[in-house]
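As a starting point, one isolated chain is supplied in structure tokens, in the form predicted alone.
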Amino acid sequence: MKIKILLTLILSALLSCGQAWAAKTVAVLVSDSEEVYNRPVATFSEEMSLPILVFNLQGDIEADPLLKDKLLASDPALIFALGAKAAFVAKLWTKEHQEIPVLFAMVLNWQRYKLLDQANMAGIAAEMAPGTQFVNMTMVAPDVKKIGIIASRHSAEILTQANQAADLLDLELFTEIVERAHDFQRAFKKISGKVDAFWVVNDPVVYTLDNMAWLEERCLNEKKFCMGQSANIAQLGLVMAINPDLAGIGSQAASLAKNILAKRQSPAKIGVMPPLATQILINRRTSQRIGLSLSSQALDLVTTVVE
């Protein structure tokens, strides 16, 4: 009898916990009104069983001085923050409310913002793991063995992962560390003769429109395989881009949110997960200009062919 009563009490407690979070809403905080956030927000909203309230920073934390109060007044069970500004602001706003878990996504080079300093923070990386990118690179261009990388100190963790992946895949990396954006061209020229491909890191120092436009021209002139981590890279003219699928980000975030809310999984234990869904873009015109022959097997991997 005592065991039966104990089990009943435990079950009742679990049900009351479930009802407590199920009665709340989920706040989605976006950095601005960019269209790129629409798909992950839509997928996340579809897969969550809770009401969703969307809050927009409009690119500036001071655009709506009452936004913090509005968001916290909604008593969210969880905050899903998209973009660097939203992620940083969500961390700031929950500093005194760490009972509210925060999931962030679409934050380039998330390490530089020290988002995991708070125990209520977890996220999905904006970049595919270096190993995943290198594997796809070598499947499309099997002759690539030596890869050049230009980055700043902000990409230290990514470069560590890249070196570990390169060792496993028998690739050789040539890395130049720069401090300023205008050092990019000098660094490229220094290692260009040693490599047969370049990998563009989403580094806050070197990843500028001017540098990417210049890199596109040099890769074409020198007929080098150049790959990046943004769809814009392939649209601009580099051969290949590998980036997370936007709808997949929303779906993955919904799955993590359910684990946190329903299964009481700790955000601190989740940390930052790699994106699960991949989007691969190939620029066919550029591949032809650098003399790269795309096999049927390589094209089978591709999500989008840029003509």
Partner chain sequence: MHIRCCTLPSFLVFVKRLGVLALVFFLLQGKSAWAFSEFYYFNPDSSQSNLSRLKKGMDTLLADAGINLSFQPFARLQDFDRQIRMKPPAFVMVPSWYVDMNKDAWKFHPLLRPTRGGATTYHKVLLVATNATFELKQLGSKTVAMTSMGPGGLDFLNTLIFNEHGLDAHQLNIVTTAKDVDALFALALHQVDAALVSKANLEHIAEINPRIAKNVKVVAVSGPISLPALYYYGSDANNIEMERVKKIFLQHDQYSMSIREMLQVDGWQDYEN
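Residue numbers count along the first chain shown, from 1. Predicted model only: the values in this text are computed from it and were never measured.
Quick note: we don't show the form predicted in complex with its partner chain, though the next part is all about it.
With the partner removed from view, the residue among 220, 159, 181, 135 that has a non-hydrogen atom within 4.5 Å of its partner chain in the model of the complex turns out to be 135.
In terms of contact with its partner chain in the model of the complex, the residue from 73, 209, 119, 168 that brings a heavy atom within 4.5 Å is 168. The stretch from 232 to 240, 74 to 82, 170 to 178, 109 to 117 that comes within 4.5 Å of its partner chain in the model of the complex, counting heavy atoms only, is 170 to 178. No member of the trio 69, 153 and 205 reaches its partner chain in the model of the complex with any non-hydrogen atom inside 4.5 Å. When contacts are judged by a 4.5 Å heavy atom cut-off, residue 31 does not count as touching its partner chain in the model of the complex. When contacts are judged by a 4.5 Å heavy atom cut-off, residue 197 does not count as touching its partner chain in the model of the complex. Its partner chain in the model of the complex is approached by residue 46, whose closest heavy atom lies within 4.5 angstroms of it. The closest non-hydrogen atom of residue 256 lies within 4.5 Å of its partner chain in the model of the complex. In the model of the complex, its partner chain lies within 4.5 angstroms of at least one heavy atom of each of the following residues of 252 to 282: 252, 255, 256, 259, 263, 265, 269, 273, 274, 276, 277, 278, in sequence order. With a change of no less than 3 Å, the CA-CA distance between residue 252 and residue 169 is smaller in the model of the complex than in the form shown.
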